[in-house]
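Given as structure tokens, the chain that follows is alone and in the form predicted alone.
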Amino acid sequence: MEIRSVRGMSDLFGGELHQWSHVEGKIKEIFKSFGYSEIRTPVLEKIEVFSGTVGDETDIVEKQMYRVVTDSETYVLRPEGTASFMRAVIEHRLNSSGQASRFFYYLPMFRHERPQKGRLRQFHQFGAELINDASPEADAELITVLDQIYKSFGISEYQVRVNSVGCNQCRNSYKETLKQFFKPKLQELCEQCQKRFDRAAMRILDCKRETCRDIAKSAPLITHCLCADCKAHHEKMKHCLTKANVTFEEDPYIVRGLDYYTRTAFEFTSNLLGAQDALGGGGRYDGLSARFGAESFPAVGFGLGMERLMIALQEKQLLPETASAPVFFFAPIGEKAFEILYPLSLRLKRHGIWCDMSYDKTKGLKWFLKQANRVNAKYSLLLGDEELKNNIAVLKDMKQGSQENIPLASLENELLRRAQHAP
């Protein structure tokens, strides 16, 4: 019986994992430079964390969550990061200072949907969340962070698209305006949008089906329904983006797929990804804490899809080509040579120097050199009976082809010195 990984869930190893680690490390450094500290939430949450907060009409809650049912509880594998983050904030009173606080996370998420390019059942997401700050400057900061991440990798083929979905007051008014517009056209909408009509009319604007998109093009715009405060917030946020040299365009059809957004909503899209063109996105969600039954406090955040970023970097050929390689490959020929090189390799590793070595004592010089080439080692160190007789080891530069004799008495110090200057 052949056992394979679950469809839509991938193994990562070798050179590909090296590339992922490189990108992950760079993103974490950017978050830290903006003052964001890391938080990690469990992969398993109670279903109420999402069903009562993300929105019962969303695809996530309706059909995408992986459920784990016990005798007394229903749990789900985390399908998105913000609701889990908010649960942790409330549980541990991370908002209690009343001061602006910044967090980021990098976690696997799980959604049961049809796998395709840029959309997997297990995917990885960087998220950033800024709490206790209701200002438009906070919104602009989050967009600037995401913009800086893509710029830092040399990606320029993306668009920053911003909108305001208003507060509860002006959004409710807009929903009624939308329903009046869509009602006579209801039968022309797809089945999913017909279901959304009563409870989530704004999400019709976000439908990807061509027929629904064509109808939505004539729909009233939310920008015409914003209250004075929401309009002022949106204008100030755009002003801040301009000051931060973030190029953006307004898109009144961005409403985001989750129910907790208020005021600012934004997406980063790219033609490098094909049909699934969203690189990342987010917005303000001031009302989310109240959905948990807690005191309301302001918050804004975003999610960055790691798989989609990797696709974009691959398309632009911006990923490192190969994994790092060992500095030394030890080739002990015979038991006596092994007894000398084995402890030496461990001492070098304790100094943080990658030193590869085979523990097979039956192999000859030709095999060792072949292995040193295979792992792309910078140097190979040869030690056999003849070298032991002369109290030397032979250090060979694998790229240059040159070699030299190193006295055994100074071997460790010489290898440490060479490692410091190795690229």
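In this text the structure is predicted, and so the values were computed from the model without any measurement. One-based numbering along the sequence shown.
The form predicted together with a small molecule exists for this protein as well; it is not shown, and the discussion that follows is about that form.
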>> Residue-level contact is defined here as any heavy atom of the residue lying within 4.5 Å of the small molecule in the model of the complex; does Y75 satisfy this criterion?
In response: no
> Even though the small molecule is not shown here, does P136 get within 4.5 Å of it in the model of the complex, heavy atoms only?
Replying inline: no
> If you check in the model of the complex, is L279 within 4.5 Å of the small molecule, heavy atoms only?
Replying inline: yes
> Does the 4.5 Å heavy atom contact test between G305 and the small molecule in the model of the complex come out positive?
Replying inline: yes
>> Only one of these stretches, 109 to 117, 241 to 249, 94 to 102, 291 to 299, has heavy atoms within 4.5 Å of the small molecule in the model of the complex; which one is it?
In response: 109 to 117
> From the list F123, Y158, F338, Y253, which entry has a heavy atom within 4.5 Å of the small molecule in the model of the complex?
Replying inline: F123
